[in-house]
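Presented as structure tokens, the chain that follows is alone, the form predicted alone.
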Amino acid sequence: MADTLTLFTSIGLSEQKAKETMKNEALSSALKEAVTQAQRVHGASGVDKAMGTLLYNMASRLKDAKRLAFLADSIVQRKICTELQLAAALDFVKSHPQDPINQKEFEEACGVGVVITPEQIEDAVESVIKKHKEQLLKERYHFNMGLLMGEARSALKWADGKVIKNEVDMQVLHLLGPKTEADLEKKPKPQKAKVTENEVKAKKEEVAVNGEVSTGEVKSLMEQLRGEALKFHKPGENFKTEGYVVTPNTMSLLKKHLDLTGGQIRTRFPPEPNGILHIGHAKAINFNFGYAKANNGICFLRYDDTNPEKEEEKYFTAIKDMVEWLGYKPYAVTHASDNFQQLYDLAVDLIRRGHAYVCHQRGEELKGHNAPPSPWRDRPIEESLVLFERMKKGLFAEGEATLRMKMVMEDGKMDPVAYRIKYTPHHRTGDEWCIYPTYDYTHCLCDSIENITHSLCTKEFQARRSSYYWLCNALDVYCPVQWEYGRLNLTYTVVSKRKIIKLVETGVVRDWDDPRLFTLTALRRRGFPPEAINNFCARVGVTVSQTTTEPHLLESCVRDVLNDTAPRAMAVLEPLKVTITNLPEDSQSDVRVPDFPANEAKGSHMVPFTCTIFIEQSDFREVMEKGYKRLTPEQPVGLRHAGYVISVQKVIKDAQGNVVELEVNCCRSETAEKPKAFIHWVSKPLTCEVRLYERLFLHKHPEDPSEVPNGFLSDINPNSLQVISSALVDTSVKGAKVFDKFQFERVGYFSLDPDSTADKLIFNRTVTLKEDPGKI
């Protein structure tokens, strides 16, 4: 211990830094090896601080331990003498993972032996200053000197930065002379142009179609996927990724891959067709399709259809519909089952190579991480080949035999299953197969077959990354790179297929598209625009950490889009009849209502206005209360868009004392005193059904036993759905089609439900308005 500390301090590390280094076992071991190598050449006291610093930086930044001796030797031989050269050397070995390293190419790439003379530096700086002379004389010492440094360094890649800086300082001083008092004053900051309220509003209302436009301060998904946030490898440079396994055949397989793809980015979205996509999948769709789109690549929609027991045609169709609804078009729609024969052939090859065996342990024995080792692990290869063929021919019962791979997964699970027996007809291949590959076997091989460059998946698959690389390399096939990102979760909901089926079976919800769920079909039915979901994914961001988000953030994205796209209409959910006594009984006029009051150029529609109108019951109070601004016997109110103010003349009640009708007088707004509020109304309306939705669950985390001890089914919100069967809506909605969206003024955003008929329209409330109607 003391010897190591002395060794590290001998190369110029402080005692504290040396002790910190010793705590990191891998770094300590690498540095010890590098310093020992240096001392063999230069002696115990011959390693100066400059060399020691380079050795430390090399040991701490090198990812491939087998290059340690090579790089240490380059530093010891004083071929690598600067930090700049070291950075180039590290980059070179990362780009050349296979032996032997071409010494000449390495030295050229690292500037070994390149001598930059003072005259070259002087000439380069002089040239840069000449280029910017006019601006320099104008701005003097307020000029950005970093620009001069940057350009001079670009011209002389291997020059010492300090020497360049000194030369820049000297030549600037010669040109401008000493600093004056004016030069020493701080440069005034340019004033920001004032942003008007309308500009702020306009910015907020921007929508992202296919993730392409940003909302407010949030970068669009496309910007994020093009940007520096993702440190992904370039196609063909898979080996530069940390943890990627390089074999003797890697470089030739990558060359073949590049020849086939032309260096194009290829991703895939690989859902299992055994359920409906949910909000979490929206992030996966945006990430996979968006990353390909942002980088001029292609994305496959691949159905992982390897479990015939759970797959149904409706799921295949619904998944493709939802991908296209979000605005993405797959380059091709493929199926894992397209490759069943090839996957089988590869499994035979895996057995032949000694990496797989037929096992007879039962399923229950293999569960968990402490399963007993298989007594059949070392059975002869020929025997496993015969037994695997018998599995394929249907000579074993279900559960009687499996094919297992000889490897340990990152989570410690031993020998995962590659094939199992299932006597269930497959959706696409019928009875052709009775053995089916597992996810762990299929996924990476289908990625390889499709020449995927970036296999993007959620964080829980990180534990399968080593098996992904192992299997491709064990079979000597092209190996893509697996990248993990954080899963997107929402509070107040469940998205598990099993739990949604329970909700459907117990009658809590009607089906997978019940608008209280967060499946994509449910969100579409509720009226959520696809652009809003894409915007939400952009707001959540491309993070590697798991994200749990409140539904109101998604709802905010929905409002931003609908505010700009949903035309206005007037609807009264709890009607109160109002008779205007000073208008003739047969009077009728047409009132023009703008579709978008903030931008009347976007169109308008006409609604009838007669002596009988209907207003919301909540817009009238018989007894005046402090702060109440709408209609009372003492307080008139304005009618939106009509140009009238009404005043109560008579309150009519039923036998129980409930107000059932008002008789009022009206006068033109221009002649009346300005009322405190304007309310919406309808006349000669359509009778429609309106469904109002609230959160399905009472608690944030219905699946958490500490929050909901009796299980998620005990946490159902009894008020999650309110059906108003006789709401009144103005006639402008008459020709609406399914999923058409409207803002019912002062009430909320609504969408036409597929249950609608020619005789009765049904509207789902998508989201409420931001404003509290009571404040209007």
Partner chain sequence: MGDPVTDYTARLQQQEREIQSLSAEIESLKNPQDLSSSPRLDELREENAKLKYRLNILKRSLQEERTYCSKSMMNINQRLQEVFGEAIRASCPELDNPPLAVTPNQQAKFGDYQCNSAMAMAQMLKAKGIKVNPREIAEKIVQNLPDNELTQKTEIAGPGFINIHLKRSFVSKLLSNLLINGVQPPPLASKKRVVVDFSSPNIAKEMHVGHLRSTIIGESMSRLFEFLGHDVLRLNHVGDWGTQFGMLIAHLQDKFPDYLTVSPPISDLQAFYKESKKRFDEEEDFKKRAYQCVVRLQSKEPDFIKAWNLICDVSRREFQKVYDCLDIQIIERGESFYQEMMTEVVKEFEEKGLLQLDEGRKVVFVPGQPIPLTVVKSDGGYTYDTSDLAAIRQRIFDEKADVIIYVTDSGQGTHFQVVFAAAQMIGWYDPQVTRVEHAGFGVVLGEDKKKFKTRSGDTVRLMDLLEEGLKRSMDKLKEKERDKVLSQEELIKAQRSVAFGCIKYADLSHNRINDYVFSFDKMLDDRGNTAAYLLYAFTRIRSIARLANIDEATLRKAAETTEVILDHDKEWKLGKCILRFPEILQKILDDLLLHTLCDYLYELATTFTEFYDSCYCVEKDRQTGEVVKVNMWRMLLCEATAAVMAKGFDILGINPVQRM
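Residue numbers count along the first chain shown, from 1. Small disclaimer: the values here were computed from a predicted structure and weren't measured.
The next section is about a form of this same protein that is not shown, the form predicted together with the partner chain.
Annotated contacts: L395, E398 and T424 all touch the partner chain in the model of the complex [non-hydrogen atom within 4.5 angstroms].
Segments offered: 379 to 387, 695 to 703, 426 to 434, 510 to 518. Contacting the partner chain in the model of the complex at heavy atom distances within 4.5 Å is 426 to 434.
Of the residues given (E505, E309, E181, E634), E309 alone sits with a heavy atom within 4.5 Å of the partner chain in the model of the complex.
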